[in-house]
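Have a look below at one chain only, the form predicted alone, in structure tokens format.
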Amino acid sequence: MLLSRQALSKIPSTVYKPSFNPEELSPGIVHLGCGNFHRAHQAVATQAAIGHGEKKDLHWGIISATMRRPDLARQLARQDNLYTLLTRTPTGTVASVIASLCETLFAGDTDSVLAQRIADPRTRIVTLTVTASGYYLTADGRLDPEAQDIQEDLGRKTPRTALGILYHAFSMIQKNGTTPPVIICCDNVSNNGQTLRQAVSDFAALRGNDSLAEWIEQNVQFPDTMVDRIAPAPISDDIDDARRLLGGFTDEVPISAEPWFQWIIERFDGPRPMWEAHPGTRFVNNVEIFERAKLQMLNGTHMLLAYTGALAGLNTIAEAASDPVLGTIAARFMRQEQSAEVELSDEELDNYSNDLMRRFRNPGIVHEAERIGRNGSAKMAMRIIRPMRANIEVGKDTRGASLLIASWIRWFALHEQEALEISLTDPRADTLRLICAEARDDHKAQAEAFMAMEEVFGPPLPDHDREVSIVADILAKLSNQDVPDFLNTFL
């Protein structure tokens, strides 16, 4: 028996269930990117908002669109768009049924009506989690006009990318003279709201529609946000655990998440759900401090644990963070390097660092290095190079950043030699593998070629040649020595 609306009354009382009738929901939000994170974060906060107080805000249901997985949209639809959130602590698991999705769609369908749904006057908010690579940005945060998916979307009547979908929706709204929704980017992109506004305007310019770009600038709100919750890829245990906790009902698409939840949103005008009904949600005037701390200290350290950990045979974040050597390297990297220009007190930085390392070590969260390592070329500039540059300029140590970059290059070198046991996903994978093939065994040439890519790393670092030499030296040692032995020496 599948999880469904009809099954809700038969689910054990130990499971948290919606305090409203899901059949009464009407859509007020469209979401692009119905993946694990969205279902563990925005959908959860929206459920809390809908059920807050005696009077239910039933007009905030979510139309959620998968961008790459038609199977997920269909599986959710078979379950009346219900699913189970498994909150995993170090000592146990708590189940909640999430019912804030009122419809699920696949953006790639030839008859997709996503743009029309966004343009519907009932839609007051659009949220996005399409990953950093889903915005096709260069290192300076502008739209890459040469990206293949963007080129293809420019000629489509039914767009597939988030930028194309928003462009078509805004075109309809401008033509109809209706009020545009607020657009809330929830991806780990620096100044994500303003960056998305610029990317959509750049797309409009590529379409030759400068008047729409100007209209977007004057009429559409793009508040910045910072999101934080670890939601790993599903594993087979999730389905078994959900079935057990649901009293025998089967959920084909449950998700796991850590207990931690944070959502910082820049204040904006207009109607919205009472998202702060969920603990960890805050509306503020300036998101930048929270965003920078998270991008650099959490996401940047995640990258080090993923790239270097996998080379050392530590294939989950929990394993890597719990390793006495790599865990110590990561904690030092986080606190001493990745806190650059994060405007928090030393006490706040110490507490945040300690909290993050505890979260990383949570054995209940199986966060694979392979998944964290995806799309490194789209993440490198803001998460790693920005604090590295700041540290170099004031004479601070950047050995952790150099280790991370060398480990990332080593992934591509091993993949090119068909010696990497995990899959490698990156929008520039072919180019980076080719560099490794052309400079096989020449670690200096590999480091030079990678770090010369301004679309990935930005402008040359201060004392650039010296930094390249440091990365090349570490890369050679990662290539020629036992990695755990090298890390002992590095520490």
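When you see a residue number, it is the position in the sequence shown, counting from 1. Fair warning: this is a prediction, and the values are worked out from it, not measured in the lab.
Not on display, but discussed next: the form predicted in complex with D-mannonic acid (CS2).
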Give a yes/no on whether Asn299 approaches D-mannonic acid (CS2) to within 4.5 Å in the model of the complex, heavy atoms considered. yes
Just checking whether Asn188 would be counted as a contact of D-mannonic acid (CS2) in the model of the complex - the rule being heavy atoms within 4.5 angstroms. yes
Is Lys294 one of the residues lying within 4.5 Å of D-mannonic acid (CS2) in the model of the complex, judged by heavy atom distances? yes
Would Asp228 count as a contact of D-mannonic acid (CS2) in the model of the complex, using a 4.5 angstroms cut-off between non-hydrogen atoms? yes
Candidate site Ile372, Lys379 and Arg383: all three near D-mannonic acid (CS2) in the model of the complex by heavy atom within 4.5 Å: yes
Tell me which of 321-329, 195-203, 244-252, 299-307 has residues with heavy atoms within 4.5 angstroms of D-mannonic acid (CS2) in the model of the complex? 299-307
Could you check which residue among His168, Arg410, His367, Arg389 gets a heavy atom within 4.5 Å of D-mannonic acid (CS2) in the model of the complex? His367
